[in-house]
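The form predicted alone is given below as one chain in structure tokens.
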Amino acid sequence: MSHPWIADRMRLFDSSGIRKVFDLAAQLKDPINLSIGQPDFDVPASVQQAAVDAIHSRKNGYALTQGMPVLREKLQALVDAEHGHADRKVAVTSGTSGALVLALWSLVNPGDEVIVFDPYFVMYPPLVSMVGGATVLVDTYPDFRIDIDRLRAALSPRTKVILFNSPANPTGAMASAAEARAVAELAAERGIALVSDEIYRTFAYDEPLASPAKWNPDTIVVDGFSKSHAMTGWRVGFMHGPATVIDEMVKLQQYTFVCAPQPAQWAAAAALDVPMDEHRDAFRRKRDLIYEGLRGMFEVVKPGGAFYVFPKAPWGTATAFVERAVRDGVLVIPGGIFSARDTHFRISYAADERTLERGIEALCRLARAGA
């Protein structure tokens, strides 16, 4: 029900699709949960201890808006080593979502167009609308590859930003080096801001992540610790890009989020010393398990990264299939939440292997049963 105090912009946000799944799930006992977009391992012990030590040593006050030196300087050294750009500055943010908010508020004027590849992370179009921009979708079906000719055709004199996400949520698709380079060079050629969401960069399985910043030094990269180190609740992200742009985003952070939590920043600095290869390898095995288990019954593209797979519903709409799956005890997310199409659904394989095996069995049984 509406309320007279509610601002018009709140109509831009709709969580009803995911909420409907969770409302159905609340009625289930022992559901097979393949819906959660966060790692199924715990924060590394040394990272937890670093947070405890920071709290006990009274590092509990406001942090510097641009990030504490213990973390920011460490990140700057890593970014400099990877990219070698003379003008690339790092700032710490209140989560990667916070970095995205700062980027769009800082870059997009009302009426500007923002390119978003479809399927997309659920937050992108509402954030574009929130700042008064217009989302222009570039279709990547059926294989979730970026077609540079489609992208070029979508550009207009009003195009201000291209939002790029690899490895991607919800598809798990990872852009090839050729795709990333083509996007990077096109953005540079047209003078368009390129924002690269690299939150899943740790989980790249078959080839190294190709960041468009390699070919376009003006690329604004957003990243964080939520997925790589299971620190989803700690709200520590970071961004890096041209100093003038980053400085404006930091200024905006001062008047919005203020800063990322200080104890969590000390923990994130410790996290940079923790190798995550074991968890990446475990996710690769789970990726293979679920892909091999589904591909005989579903039209499915093998994901190259993250911890999602995005099969096509074998019958009906994705919404109808997901509602049936949830009633049968399998929690997955309808693809219409992430796309202009209602044809696919998202599975998170951030779960133990027994849960994945149960989920594969139940989904294949449902596919065979038909509508």
Ligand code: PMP
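For every residue, the number given is its place in the sequence shown, counted from 1. Keep in mind that this is a model prediction, so the values were computed, not measured.
Another form exists, predicted together with the ligand; not displayed. Remarks below refer to it.
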Exactly one residue in W266, F117, Y200, F283 has a non-hydrogen atom within 4.5 Å of the ligand in the predicted bound form; which is it?
Y200
G95, P212, G241, G172 - the one with a heavy atom within 4.5 Å of the ligand in the predicted bound form
G95
Counting only heavy atoms and a 4.5 Å cutoff, which of 185-193, 83-91, 163-171, 246-254 contacts the ligand in the predicted bound form?
163-171
Has each of F121, Y124 and R235 got a heavy atom lying within 4.5 angstroms of the ligand in the predicted bound form?
yes
Residue-level contact is defined here as any heavy atom of the residue lying within 4.5 Å of the ligand in the predicted bound form; does V101 satisfy this criterion?
no
Check S129 for me: does it contact the ligand in the predicted bound form (non-hydrogen atoms, 4.5 angstroms)?
no
Does H229 reach the ligand in the predicted bound form if we count a contact as any heavy atom within 4.5 Å?
no
